[in-house]
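In the form predicted on its own, a lone chain appears below as structure tokens.
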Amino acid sequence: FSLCLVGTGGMACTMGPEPFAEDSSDERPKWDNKFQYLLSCIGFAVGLGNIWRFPYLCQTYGGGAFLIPYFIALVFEGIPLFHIEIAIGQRLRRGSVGVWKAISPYLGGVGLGCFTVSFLVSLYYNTILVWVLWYFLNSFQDPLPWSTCPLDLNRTGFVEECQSSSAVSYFWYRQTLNTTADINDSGFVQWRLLLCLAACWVIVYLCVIRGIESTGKVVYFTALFPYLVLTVFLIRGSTLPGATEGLIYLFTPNIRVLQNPRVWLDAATQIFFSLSLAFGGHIAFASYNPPRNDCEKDAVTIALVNSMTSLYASIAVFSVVGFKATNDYGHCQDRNILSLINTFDLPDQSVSRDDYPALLAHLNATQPARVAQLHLRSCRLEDFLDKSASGTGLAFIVFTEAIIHMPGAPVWAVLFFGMLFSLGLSTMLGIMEGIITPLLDLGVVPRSVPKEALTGVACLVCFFSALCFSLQSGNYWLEIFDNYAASLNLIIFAFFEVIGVVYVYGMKRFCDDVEWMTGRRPGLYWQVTWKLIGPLMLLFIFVAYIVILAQKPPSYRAWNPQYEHFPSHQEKLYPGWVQATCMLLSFLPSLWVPAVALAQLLTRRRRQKQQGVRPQL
């Protein structure tokens, strides 16, 4: 068919694939079965964010109340955009770059931008797996190495930095990252992390070496094993003291928080990034489907499984977090009880935790001056539950500390970090598919070069590019990449994806394709969300993100033992050169869109001038 872009001076027409033709000679690989494809997509979508981001948002924003904007965003943003990616990839049978070039050469920059973001994200996402692997390897010890502080050089006491913070924090910031106190101080390469980095990229290479032929086998383990471990943690966590308090705190609704616009923004962005939209991986996976596969059913199924997994993980995580909070709450009471016993000459072990509130109230009423001199800590269970965290703080600080207090701690540590590694690896397979499939479709190397060689070169380039994260300042740079490399770029690409399919490819043509593939024509819900609600929500997220970025200069939280308020993190502003890097990461991949469009326009004008035809837009 002929696809035309209408401009001020005329029409620019490009040839696309015949919409209802089946290419019987298509040599594109195919999935062994439907379940393999679904597992690959679920493994790509269900990642670390489901474990350490969603529970934190749910707990922070009013518990059960957060589910209201979350499911609204799922219905009107997540599922429709997900359906577009799967349908267009399955119909055109190309990777992200090939799909958008087929729709219009002017949209080729969208595919190249998705490819660039996938490359950047692969660098730091696999570095997180490096940390997980390091903890996993250190979990085969009893006691766990982060359970106690190490001795100092004189072996007469504990290391001061560890005593001032905690054994868990010390193992993370000093023995794992060996982090510097300032981003300007790059430090040295940490050889242990470097070896783990090489091991992780070797594992990724072995998993993607033959494309979907190898990844399709790996996902049977990487996509299913986390559900087994989550179930084990859920069963064990529900039997721990404090689990009920943790779950009540997680899901107790606070409807008033819905008045905060940030809640709606975080709900929309959580859905967007949790489904791994606009990376190009889902387009690549769908391109290996049979042409008449029911992509609509797949989109709804995968999106719902992803969201239900987030809820399931929240219950498992917060049952353990509730146990940790209850444990810390009990230790706080024990310290205060010991102070009261010593000060008021009470018999040893004469005061239980249940008796403590009544005793404290009595002493405050009868001898308030002496009690005030003790500077007792405020012990409230809610305060300890409030200390929940997201991201690496949850995985490497909060959860690891909770595991220490569980009977058979090494077993639970091995299961936990094994689960995180499986989750991250299955997501990495989708990210790498968003890198390798476009390279194959573009024919950047001759067909005589084996696919295994191209995949190996891609993984090697990624390995060397990620070396900066093995420096002592690598944690700060990973945070920069996480905050700036993907967020705005993916929102921009998703917006152009919707516009490209609905307004360039054409709504009627796209609906015809979906009807041909599924046997059902998209109804009013799909057409309204594709044409109006989806683009408007993406615009809202984009504008809100810009406003948030502009409100305060970018900063980071440094681990500095010399800081007067240590072990609290020291808030520092990024130096100018780092701020410039942040801006480049935020917008540089998006520049592919206008750059490719301009290059196509100039090429076409030059060709028309050579042919003596008046150029048209």
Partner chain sequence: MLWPLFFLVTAIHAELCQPADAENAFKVRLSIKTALGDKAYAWDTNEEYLFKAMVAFSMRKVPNRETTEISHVLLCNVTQRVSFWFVVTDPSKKYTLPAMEVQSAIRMSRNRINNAFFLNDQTLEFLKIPSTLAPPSDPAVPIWIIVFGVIFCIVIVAITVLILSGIRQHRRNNDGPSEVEDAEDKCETTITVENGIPCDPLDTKDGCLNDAFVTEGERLTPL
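Only a predicted model underlies this, so the values are computations on that prediction, with no experimental measurement involved. Take the two forms, find the largest set of C-alpha atoms that superpose within 1.5 Å, and that set is the rigid core. Residue numbers count along the first chain shown, from 1.
Same protein, other form: the form predicted together with its partner chain, not shown, and the subject of what follows.
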Taking its partner chain as it sits in the predicted complex, is P407 in contact with it (heavy atom to heavy atom, 4.5 Å or less)? no
Should S470 be classed as touching its partner chain in the predicted complex when contacts are defined as heavy atoms within 4.5 Å? no
Would L394 show up as a contact with its partner chain in the predicted complex if we use heavy atoms at 4.5 Å? no
Using heavy atoms and a 4.5 Å limit, would one call T366 a contact residue for its partner chain in the predicted complex? no
Of these, 156 to 164, 541 to 549, 75 to 83, 223 to 231, which stretch puts a heavy atom within 4.5 angstroms of its partner chain in the predicted complex? 156 to 164
Interface residue in the predicted complex among W134, F273, F119, W477, criterion: non-hydrogen atom within 4.5 angstroms of its partner chain: W134
Pick from Y205, Y329, Y170, W264: which residue has any heavy atom within 4.5 angstroms of its partner chain in the predicted complex? Y205
Enumerate the residues of 332 to 348 that have a non-hydrogen atom within 4.5 Å of its partner chain in the predicted complex, in sequence order, or give none. L338, I341, N342, D345, L346, P347, D348
For L311, does the CA position differ by 2 Å or more between the shown form and the other one when the superposition is done on the rigid core? no
After a core superposition, would you say I248 shifts its C-alpha by at least 2 Å between the shown form and the other one? no
For R370, state whether the C-alpha moves by 2 Å or more between the shown form and the other one after rigid core superposition. yes
